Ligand code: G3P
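A single chain comes next, written as structure tokens; it is the form predicted alone.
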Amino acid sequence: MFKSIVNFKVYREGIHGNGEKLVRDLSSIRRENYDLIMAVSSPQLHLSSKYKGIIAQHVDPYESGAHTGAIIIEELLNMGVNGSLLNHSERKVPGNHITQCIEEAEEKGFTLYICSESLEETRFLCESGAKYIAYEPPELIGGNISVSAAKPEIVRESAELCKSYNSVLLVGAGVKKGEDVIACKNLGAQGILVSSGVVKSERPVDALNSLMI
């Protein structure tokens, strides 16, 4: 099953009423052999009661208690949110935050999609027990050059490394065309993480459709 994660970030197109419309529109194009996942901002997480595939954009490794501002797995699960992004380049966290989240997520049956900026970080995540790793070079995020074109060898090495640890590699950054996805697949990726190319498109459904090949 090839995973397609659309990260709404807090783009204007993905918050307030726009967020629900975008979730509804993208949900209409689910396909066989593709697992569509949408990472929405915290105020939009209530949409999980109406739509499948909603995950958070961040999570903290805490139990319930005195942790002001924390987003905890227990509360997300109570809302029907069964997964989260973690360690995105726009919200990096320390290594111990990651390892504690992995341990708690495994215990609670929660799915983490953990972002990596390098082969070295991917190795650390594999060794820490991460099930899903999303390789995204930060300098390519939001640009028009696909990671598959800019760093094919790192994608290939990351895919091989993840396979050796029974982890799943997703890739992102600059993935905006069908040929980008094909190249990612050919390099060993089992999913993509996209954002502005879909969320900020004038026709998000068409943009995502073009990637689900």
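As the structure is a prediction and not an experimental result, all values here were calculated from the model. From 1 onward, residues are counted along the sequence shown.
Unshown form predicted together with the named molecule; subsequent notes refer to it.
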Though the named molecule is not shown, can you say which of Ala173, Val59, Val155, Val40 has a heavy atom within 4.5 Å of it in the model of the complex?
Ala173
Quick check on this chain: which one of Leu76, Ile102, Cys126, Ile141 has a heavy atom within 4.5 Å of the named molecule in the model of the complex?
Ile141
Taking 4.5 angstroms as the cut-off for heavy atoms, does Glu117 touch the named molecule in the model of the complex?
no
Tell me, yes or no, whether Gln190 is in contact with the named molecule in the model of the complex, where a contact means a heavy atom of each within 4.5 Å.
no
Is there a heavy atom of Ser201 no more than 4.5 Å from a heavy atom of the named molecule in the model of the complex?
no
Is Ser196 close enough to the named molecule in the model of the complex to count, meaning some heavy atom within 4.5 Å?
yes
Of these, 104-112, 68-76, 91-99, 132-140, which stretch puts a heavy atom within 4.5 angstroms of the named molecule in the model of the complex?
132-140
